[in-house]
Every structure is written in C-alpha cells, then in structure tokens.
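Have a look below at one chain only, the form predicted on its own, in structure tokens format.
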C-alpha cells in the first residue's frame, strides 16, 4: 500500500484524539473535518462544559457586560466528536498509542493533538491561597467569583502582578471607583512583555487613574481574620495594605505534568515541536503522530533565528491549531509551516494596546509615530538593525504596516509612515528584566557512545 493510500485510509477510518478541549482544540477539530477527516474524533478536557473564550474573562465578564456563561465559543461547524469532559488526561503511552485518563480509562489513537494550554499560577502558600477573597482568573468560574466580589463593592482590591491580566483587572476596578493597589516585583507594569520604556508609560497611566502602584516590592504574606477572610497583605519593604479582595495575577503554568514520563520533550515552557506542530521526543527527534498547538506549544520561528517561542495569544492558538490539523492529514510534501507573525491586544485604562511580532526579541525600541503624552502612538522594536515587533497605543490601524516590515526584515529604526513623527524620536535600549525561569525545569543527560546508542534521559530537579 502506498503512502497516499495509507493516508487516505487514515482520513477515512482513523482515530484522532485531541487532549485539551478549549480554543485550540476546538478549532483543530473543526479544521480536521474541513480537511476531509471522517474518522473517529475524541475530545478530552478537564473542565466540564463547552469550550469557551478566555480573553473576555478579565474584561467584559469582570465589568458585568457579559455573563461568565455567555463566553461559549461559537461553533464554525459540527465536528461529530465524542466528548470526554471533566476528566483530565493523566498519561501518554507512546508505545501503544494510548492516552490514560485520571479515572483509569485509556483512549487509543492513531494521531493525537496536545492542546492542554496553561492554568493560573496560584499563590504559593496554600493556606493563604484558600482565604475567602483570594482569586486567580483563568476559568469562567474564577471570573464569575471575582465579578461578584468586585460588584459587592470591596473597600480595596490588591492585585499581585502587573502583567496584562493584572493591569486589565486594575482598570476595571478603577472604572468602578474601587480603591486598588497593584504590587509588582519588576520596576514597572508590562515590563516583562514590552520592556522598560513602555513599562514606564503604563506605570504613569495606572497612577494617573488612581492606582496605588507599588513596584520593586514583593508580597510576603496574606493575612486573614478569624472567619478565614483575607484582610491584609504584608510587603517585602515592611509596609502593609488592608484589602478584602486579592487577585493573584502571576502568569500561567503550562499543563504538561501528565506528559512527564511520556518521552516527549516537555519543560516549563511547554512541549517542543517543529514548525509543522509535530512534537519532539526527548532526543530531539520529531514524532510522526503527536502534534501540539496553542499555549502549550513551543516551536521554532524562522523569522526569529529559529528560536523556540511559546505564546499565550488567542490568534496564535487558532492559527497553530489549523496548521496542526492540516498537517495531521497531509503527506510530508504537503505539510505547512506555522509562520504567522504573533499578535496580541489588551484594553486597559481607556487605551487599546495591540502588538505585532515578538517584542521580547529586541535590543532597541523607538517611538516612531504619534504622541506618548496623548497615549496615541506606535513604538517599533529592533534587533541587530532590523524590525522585529511593534506596539501601538490607540493607533492599531498602522500595525499591518509594521507587520510587513517585520516580514521583510526591514532596517531598524524604520521611517515614520505619517507626518506625526516625534521630534525627539531616538532608539533606546529595550531593557527587559532578566529571565527568572531559565534554570528551572528538566535538564537532560546523554548516554551511549555509538550513534545508534546515544539517547537523552531527563533529569528532574526537586524543588
């Protein structure tokens, strides 16, 4: 039987399992059916209920404009799938092509997609995290609980972490005239994603809207009352703040624990895969039947020197899922690379922030057009003399122009495309804080001498 005949047989009668029934998983399932896959499709998810959209959880749901259960993702088509929801995957047996579920069942597959995404990083002290009034925001149950707490009119909300989610929640609280304290270990908000210059602008924006912004400090303790309700937070500089709602916005943890002994290349940054979404094993060899998409995927991007990049972006999850689905039912010659330029957006303090490219892949940044004072501008990022990203504040219509500059590896700094170039526009160091997680996760040792014997074994760190 030829390769083409085998592939046609798989498309007609094969078994595909998608582990992770959220945005990337649903869009991949729809794309598989669009590609002509008529075999058995199984969706596995640890949450009950239909896949839903997460970006509104820290925006429209928190304001009360959209109920948490009104975020269900629209279906583009019927996917004719078996849904196994509410039971997480617990292991992967690559020798026998089985997914093990936490309830003991096994689900066989011919090809599988991993799209398990991320979960919110909890407050590290379990007893303090369990205090009434302490929230994370990742699921719609999280968002519904926080919405009720905010709507009740707390005396003060403390937000730990000034990334995009924390800043959006602070913005919603200030819209309701609720006193807010934001605690951030870094020098400014958003600095980890957009660098020091944009971080300082974001800090000014928060303070102008009445946020009690405390940067360069760490929350060391959450204190509760006799009824188990959070009342006070202690900071590393010795100060305290009284708050009856605390939001822990410390980023996400990729859901890869169930793959720990699978033999796949798994770490804190996700599951490594090639640009066609095929997973790597521990030895760095590409697998034929295991694919990865969405927040949990870590893949090389040719436009950024083939560096492995993990993205927690809505658009990336959709695009990568569609590429993975196409490649699952295509021959090697017809497979597609995932080459899209990442995009991201956020709304906070009345400003629409959008980006294109990878701002963290830069050594300089310059405001190329508009006015920082008016919060209406575009900043371009450059790496070794070429444009690699751009961020806009209330000026998103120009991002497609910068996308084309990135795709052409245009020289940095780019000329201003409009007459509103700032007179003092001058590139400055982008100045990201140093990575704190590079020393974490799996390390490996190589054993064997002959090429046919050499293999990698994961060495887990105990923390």
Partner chain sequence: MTTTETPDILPRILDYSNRADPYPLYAELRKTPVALQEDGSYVISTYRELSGILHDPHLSSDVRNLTHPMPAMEERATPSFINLDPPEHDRLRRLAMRHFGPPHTPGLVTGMEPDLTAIVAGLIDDFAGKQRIDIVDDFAYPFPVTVICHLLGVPREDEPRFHVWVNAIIDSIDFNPKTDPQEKLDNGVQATKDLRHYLGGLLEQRHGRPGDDLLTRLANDDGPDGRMTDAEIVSTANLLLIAGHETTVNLITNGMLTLLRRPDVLQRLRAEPDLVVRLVEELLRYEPPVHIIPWRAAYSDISVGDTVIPKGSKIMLMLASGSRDPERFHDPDRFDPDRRDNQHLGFGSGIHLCFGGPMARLETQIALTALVRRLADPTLVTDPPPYRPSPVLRGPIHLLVDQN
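Positions refer to the first chain, counted from 1. On a predicted model such as this, the values are computed, not experimentally measured, just so you know.
Not pictured, yet referred to below: the form predicted in complex with its partner chain.
In the model of the complex, no residue of the candidate spot (389, 412 and 426) has a heavy atom lying within 4.5 Å of its partner chain.
Of the listed positions (256, 360, 369, 310), a single one reaches within 4.5 angstroms of its partner chain by any non-hydrogen atom in the model of the complex, namely 369.
This chain is displayed alone, yet in the model of the complex one of 422, 417, 433, 39 has a heavy atom within 4.5 Å of its partner chain; that residue is 417. Within 4.5 Å of any heavy atom of its partner chain in the model of the complex lies no heavy atom of residue 231. Although the partner is absent here, residue 98 is not a contact residue: none of its heavy atoms lies within 4.5 angstroms of its partner chain in the model of the complex. Residue contact with its partner chain in the model of the complex: residue 260 places no heavy atom within 4.5 Å of it. Proximity of residue 376 to its partner chain in the model of the complex: non-hydrogen atoms within 4.5 Å are present.
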